[in-house]
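Below, in C-alpha coordinates: the form predicted alone, a single chain.
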Amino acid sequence: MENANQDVLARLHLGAMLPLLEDVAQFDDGVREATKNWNLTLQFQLPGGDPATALCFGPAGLKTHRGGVKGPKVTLTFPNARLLNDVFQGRIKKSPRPNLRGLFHLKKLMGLDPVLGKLEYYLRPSADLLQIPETFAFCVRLNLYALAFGIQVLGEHDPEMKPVVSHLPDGVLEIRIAEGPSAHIAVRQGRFIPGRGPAEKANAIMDFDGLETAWALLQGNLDLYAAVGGEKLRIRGNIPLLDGITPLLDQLSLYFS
(Lines give C-alpha, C1' and ligand atoms only; values in the text may rest on other atoms or scores of the structure.)
Protein backbone atom coordinates (compact mmCIF):
# COMPACT_ATOMS: atom_id res chain seq x y z
CA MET A 1 0.00 0.00 0.00
CA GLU A 2 2.97 2.31 0.63
CA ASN A 3 4.00 2.00 -3.02
CA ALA A 4 0.42 2.70 -4.08
CA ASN A 5 0.37 5.85 -1.95
CA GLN A 6 3.66 7.00 -3.49
CA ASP A 7 2.22 6.45 -6.97
CA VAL A 8 -0.94 8.43 -6.15
CA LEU A 9 1.12 11.25 -4.65
CA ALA A 10 3.33 11.36 -7.75
CA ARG A 11 0.21 11.59 -9.90
CA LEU A 12 -1.02 14.45 -7.73
CA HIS A 13 2.26 16.30 -8.18
CA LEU A 14 2.26 15.86 -11.96
CA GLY A 15 -1.48 15.94 -12.62
CA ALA A 16 -2.86 18.36 -10.05
CA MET A 17 0.01 20.67 -9.06
CA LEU A 18 2.39 21.06 -11.99
CA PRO A 19 -0.34 22.10 -14.49
CA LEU A 20 -1.05 25.10 -12.27
CA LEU A 21 2.20 26.65 -13.49
CA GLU A 22 0.16 27.76 -16.51
CA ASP A 23 -1.99 29.91 -14.22
CA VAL A 24 1.09 31.19 -12.36
CA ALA A 25 2.72 32.22 -15.64
CA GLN A 26 -0.37 34.25 -16.55
CA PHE A 27 -0.40 36.00 -13.17
CA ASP A 28 3.29 36.45 -12.34
CA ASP A 29 5.28 38.93 -14.45
CA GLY A 30 8.58 37.45 -13.26
CA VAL A 31 7.74 33.97 -14.53
CA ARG A 32 6.68 35.33 -17.92
CA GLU A 33 9.87 37.36 -18.22
CA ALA A 34 12.09 34.44 -17.20
CA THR A 35 10.57 32.09 -19.78
CA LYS A 36 9.62 34.41 -22.64
CA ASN A 37 12.29 33.11 -25.03
CA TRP A 38 12.27 29.45 -24.07
CA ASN A 39 10.26 28.05 -27.03
CA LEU A 40 10.46 24.41 -26.02
CA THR A 41 8.41 21.62 -24.47
CA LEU A 42 9.47 20.11 -21.15
CA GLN A 43 7.79 16.89 -20.13
CA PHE A 44 8.04 15.64 -16.55
CA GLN A 45 7.32 11.95 -16.24
CA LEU A 46 7.94 8.61 -14.63
CA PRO A 47 9.48 5.80 -16.73
CA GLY A 48 7.16 4.86 -19.57
CA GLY A 49 5.49 8.26 -19.61
CA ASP A 50 2.65 7.50 -17.18
CA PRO A 51 2.06 9.77 -15.40
CA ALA A 52 3.38 12.77 -17.30
CA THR A 53 2.74 16.48 -17.68
CA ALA A 54 4.19 18.65 -20.43
CA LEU A 55 5.02 22.34 -20.13
CA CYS A 56 4.91 23.93 -23.57
CA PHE A 57 6.63 27.31 -23.68
CA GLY A 58 6.01 29.41 -26.78
CA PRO A 59 5.21 32.88 -28.14
CA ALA A 60 1.67 32.68 -26.74
CA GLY A 61 2.95 31.85 -23.26
CA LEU A 62 2.94 28.63 -21.27
CA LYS A 63 0.42 25.87 -21.91
CA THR A 64 0.36 22.68 -19.87
CA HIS A 65 -0.80 19.25 -21.01
CA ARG A 66 -1.74 16.68 -18.40
CA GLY A 67 -0.83 13.25 -19.71
CA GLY A 68 2.06 14.59 -21.77
CA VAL A 69 2.38 15.27 -25.50
CA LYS A 70 3.76 13.53 -28.56
CA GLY A 71 6.51 14.93 -30.75
CA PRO A 72 9.87 16.63 -30.05
CA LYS A 73 10.38 17.52 -26.41
CA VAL A 74 12.82 17.54 -23.55
CA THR A 75 11.81 14.71 -21.24
CA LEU A 76 12.74 14.89 -17.57
CA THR A 77 12.31 11.36 -16.24
CA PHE A 78 12.30 10.49 -12.55
CA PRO A 79 13.39 6.89 -11.88
CA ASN A 80 10.53 6.22 -9.44
CA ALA A 81 7.57 7.83 -7.68
CA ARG A 82 9.27 8.18 -4.32
CA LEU A 83 12.13 10.25 -5.74
CA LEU A 84 9.70 12.43 -7.68
CA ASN A 85 7.72 13.09 -4.49
CA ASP A 86 10.84 13.87 -2.47
CA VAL A 87 11.97 16.38 -5.09
CA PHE A 88 8.58 18.06 -5.41
CA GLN A 89 8.24 18.27 -1.62
CA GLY A 90 11.70 19.77 -1.28
CA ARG A 91 13.13 16.92 0.77
CA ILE A 92 16.04 16.44 -1.61
CA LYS A 93 17.61 18.44 -4.42
CA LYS A 94 18.16 16.13 -7.36
CA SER A 95 17.41 16.87 -10.98
CA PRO A 96 15.47 14.31 -13.05
CA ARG A 97 17.33 12.70 -15.92
CA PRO A 98 16.90 14.62 -19.22
CA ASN A 99 16.93 12.93 -22.60
CA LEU A 100 19.51 13.75 -25.28
CA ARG A 101 17.51 16.73 -26.52
CA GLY A 102 17.85 18.25 -23.07
CA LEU A 103 21.59 18.65 -23.58
CA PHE A 104 20.85 21.42 -26.08
CA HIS A 105 18.75 23.33 -23.51
CA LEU A 106 20.92 23.12 -20.42
CA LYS A 107 20.85 26.86 -19.76
CA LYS A 108 17.06 26.85 -19.67
CA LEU A 109 16.99 23.75 -17.50
CA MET A 110 19.34 25.49 -15.07
CA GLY A 111 16.76 28.27 -14.73
CA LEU A 112 13.87 25.91 -14.14
CA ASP A 113 14.01 25.67 -10.34
CA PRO A 114 13.10 29.33 -9.64
CA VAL A 115 10.18 29.05 -12.07
CA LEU A 116 8.86 25.86 -10.45
CA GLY A 117 9.41 27.42 -7.04
CA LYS A 118 6.63 29.88 -7.80
CA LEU A 119 4.13 27.03 -7.44
CA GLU A 120 5.00 26.63 -3.77
CA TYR A 121 5.13 30.41 -3.42
CA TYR A 122 1.45 30.76 -4.36
CA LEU A 123 0.06 27.40 -3.22
CA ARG A 124 1.50 27.84 0.29
CA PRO A 125 1.80 31.62 0.51
CA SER A 126 3.29 33.59 3.38
CA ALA A 127 1.05 35.62 5.68
CA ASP A 128 2.44 38.83 4.15
CA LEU A 129 1.56 37.69 0.64
CA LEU A 130 -2.02 37.03 1.68
CA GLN A 131 -2.39 40.67 2.76
CA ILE A 132 -2.39 41.71 -0.90
CA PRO A 133 -6.03 41.38 -2.04
CA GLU A 134 -5.29 40.53 -5.67
CA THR A 135 -2.69 37.94 -4.69
CA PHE A 136 -4.94 36.44 -2.01
CA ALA A 137 -7.69 35.97 -4.59
CA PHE A 138 -5.20 34.32 -6.94
CA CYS A 139 -3.95 31.95 -4.22
CA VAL A 140 -7.54 30.88 -3.52
CA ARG A 141 -8.14 30.30 -7.22
CA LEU A 142 -4.95 28.26 -7.59
CA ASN A 143 -5.81 26.04 -4.62
CA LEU A 144 -9.35 25.59 -5.92
CA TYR A 145 -8.01 24.34 -9.26
CA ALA A 146 -5.63 22.01 -7.40
CA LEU A 147 -8.69 20.62 -5.61
CA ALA A 148 -10.55 19.95 -8.87
CA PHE A 149 -7.56 18.30 -10.56
CA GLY A 150 -6.75 16.39 -7.37
CA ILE A 151 -10.24 14.89 -7.17
CA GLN A 152 -9.71 13.44 -10.63
CA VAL A 153 -6.40 11.86 -9.65
CA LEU A 154 -7.82 10.23 -6.53
CA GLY A 155 -11.06 9.19 -8.18
CA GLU A 156 -9.24 7.40 -11.00
CA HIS A 157 -6.06 6.14 -9.30
CA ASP A 158 -6.39 5.84 -5.51
CA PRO A 159 -7.18 2.18 -4.64
CA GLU A 160 -8.74 3.23 -1.34
CA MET A 161 -11.33 5.30 -3.19
CA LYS A 162 -12.50 2.54 -5.55
CA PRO A 163 -15.47 1.52 -3.35
CA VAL A 164 -16.57 5.16 -3.21
CA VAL A 165 -16.20 5.76 -6.94
CA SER A 166 -18.07 2.55 -7.81
CA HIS A 167 -21.23 4.01 -6.24
CA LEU A 168 -20.77 7.57 -7.49
CA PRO A 169 -23.57 8.69 -9.87
CA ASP A 170 -22.83 10.54 -13.07
CA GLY A 171 -23.15 14.29 -12.88
CA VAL A 172 -21.34 17.61 -12.68
CA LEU A 173 -20.30 19.31 -9.46
CA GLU A 174 -19.58 23.03 -9.56
CA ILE A 175 -17.70 24.77 -6.75
CA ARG A 176 -18.44 28.49 -6.60
CA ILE A 177 -16.98 31.26 -4.48
CA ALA A 178 -18.94 34.48 -4.10
CA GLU A 179 -17.09 37.33 -5.83
CA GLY A 180 -14.35 34.85 -6.69
CA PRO A 181 -13.40 31.93 -8.93
CA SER A 182 -15.16 28.67 -9.67
CA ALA A 183 -14.23 25.18 -10.82
CA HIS A 184 -16.11 22.05 -11.78
CA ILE A 185 -15.74 18.27 -11.93
CA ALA A 186 -17.78 16.06 -14.24
CA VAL A 187 -18.24 12.39 -13.33
CA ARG A 188 -18.99 9.97 -16.15
CA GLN A 189 -19.00 6.23 -15.52
CA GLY A 190 -16.16 6.39 -13.03
CA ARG A 191 -14.11 8.90 -15.03
CA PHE A 192 -13.51 12.45 -13.82
CA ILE A 193 -13.19 15.53 -16.00
CA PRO A 194 -12.11 18.62 -14.03
CA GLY A 195 -12.18 22.13 -15.39
CA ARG A 196 -11.43 25.73 -14.53
CA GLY A 197 -14.39 28.08 -14.31
CA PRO A 198 -18.13 27.35 -14.18
CA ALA A 199 -19.77 24.29 -15.70
CA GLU A 200 -22.12 24.57 -18.67
CA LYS A 201 -24.71 22.71 -16.61
CA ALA A 202 -24.19 21.63 -13.00
CA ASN A 203 -26.17 18.91 -11.23
CA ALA A 204 -24.74 19.77 -7.81
CA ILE A 205 -23.34 23.01 -6.42
CA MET A 206 -21.08 23.95 -3.51
CA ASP A 207 -21.46 27.68 -2.96
CA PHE A 208 -19.00 29.47 -0.64
CA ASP A 209 -19.96 32.83 0.81
CA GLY A 210 -16.56 34.35 0.04
CA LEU A 211 -12.82 33.99 -0.40
CA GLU A 212 -12.06 33.83 3.32
CA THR A 213 -14.34 30.84 3.89
CA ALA A 214 -13.05 29.02 0.82
CA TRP A 215 -9.43 29.63 1.86
CA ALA A 216 -10.06 28.33 5.37
CA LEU A 217 -11.59 25.12 4.04
CA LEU A 218 -8.95 24.63 1.33
CA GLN A 219 -6.23 24.98 3.97
CA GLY A 220 -7.89 22.48 6.29
CA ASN A 221 -8.78 25.12 8.88
CA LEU A 222 -12.53 24.76 8.45
CA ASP A 223 -14.56 21.57 8.51
CA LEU A 224 -16.98 21.03 5.62
CA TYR A 225 -19.89 20.26 7.91
CA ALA A 226 -19.07 23.20 10.16
CA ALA A 227 -19.10 25.47 7.11
CA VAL A 228 -22.53 24.16 6.11
CA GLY A 229 -23.85 24.44 9.68
CA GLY A 230 -22.55 27.98 9.96
CA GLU A 231 -24.21 28.88 6.65
CA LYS A 232 -20.87 29.79 5.14
CA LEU A 233 -21.28 27.07 2.54
CA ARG A 234 -24.48 26.10 0.76
CA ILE A 235 -24.83 22.77 -1.00
CA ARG A 236 -27.68 21.86 -3.30
CA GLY A 237 -28.59 19.61 -6.19
CA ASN A 238 -27.69 15.95 -6.61
CA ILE A 239 -27.13 14.85 -3.00
CA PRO A 240 -25.71 11.37 -3.84
CA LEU A 241 -23.08 13.07 -6.01
CA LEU A 242 -22.21 15.51 -3.22
CA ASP A 243 -22.06 12.71 -0.66
CA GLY A 244 -19.81 10.66 -2.93
CA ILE A 245 -17.39 13.53 -3.55
CA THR A 246 -16.95 14.25 0.16
CA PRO A 247 -14.70 11.22 0.90
CA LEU A 248 -12.51 12.25 -2.04
CA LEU A 249 -12.17 15.72 -0.52
CA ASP A 250 -11.21 14.21 2.84
CA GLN A 251 -8.65 11.91 1.24
CA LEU A 252 -7.21 14.74 -0.81
CA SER A 253 -6.66 16.86 2.29
CA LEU A 254 -4.57 14.01 3.76
CA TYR A 255 -2.33 13.91 0.70
CA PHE A 256 -2.00 17.68 0.45
CA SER A 257 -1.10 17.98 4.11
Partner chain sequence: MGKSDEKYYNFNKSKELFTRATRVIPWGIYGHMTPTLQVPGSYPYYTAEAKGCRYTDIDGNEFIDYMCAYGPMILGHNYGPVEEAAALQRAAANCTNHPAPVMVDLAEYLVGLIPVADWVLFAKNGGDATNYALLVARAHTRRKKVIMVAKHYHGVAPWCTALGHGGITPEDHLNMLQVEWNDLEGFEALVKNHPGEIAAFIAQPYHHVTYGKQEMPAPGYWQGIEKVCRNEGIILISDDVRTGFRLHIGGSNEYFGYKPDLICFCKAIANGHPISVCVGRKELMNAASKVLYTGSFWMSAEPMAASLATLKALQDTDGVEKISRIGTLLMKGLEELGARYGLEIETSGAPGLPFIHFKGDPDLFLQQSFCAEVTRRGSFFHPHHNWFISTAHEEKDIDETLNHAEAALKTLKASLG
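None of the values given here were measured: they were computed from a predicted structure. Numbering follows the first chain given and starts at 1.
What comes next is about the form predicted together with its partner chain, which does not appear here.
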Counting only heavy atoms and a 4.5 Å cut-off, does its partner chain in the predicted complex sit next to every one of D28, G61 and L130?
no
Since the chain is shown here on its own, which stretch among 37-45, 203-211, 53-61, 188-196 would lie within 4.5 Å of its partner chain in the predicted complex, judged by heavy atoms?
203-211
With the cut-off set at 4.5 Å between non-hydrogen atoms, does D243 touch its partner chain in the predicted complex?
yes
Is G229 one of the residues lying within 4.5 Å of its partner chain in the predicted complex, judged by heavy atom distances?
yes
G117 near its partner chain in the predicted complex, any heavy atom under 4.5 Å?
no
Should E33 be classed as touching its partner chain in the predicted complex when contacts are defined as heavy atoms within 4.5 Å?
no
Could you run down 219-253 and flag each residue that has a heavy atom within 4.5 Å of its partner chain in the predicted complex?
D223, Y225, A226, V228, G229, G230, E231, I235, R236, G237, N238, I239, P240, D243, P247
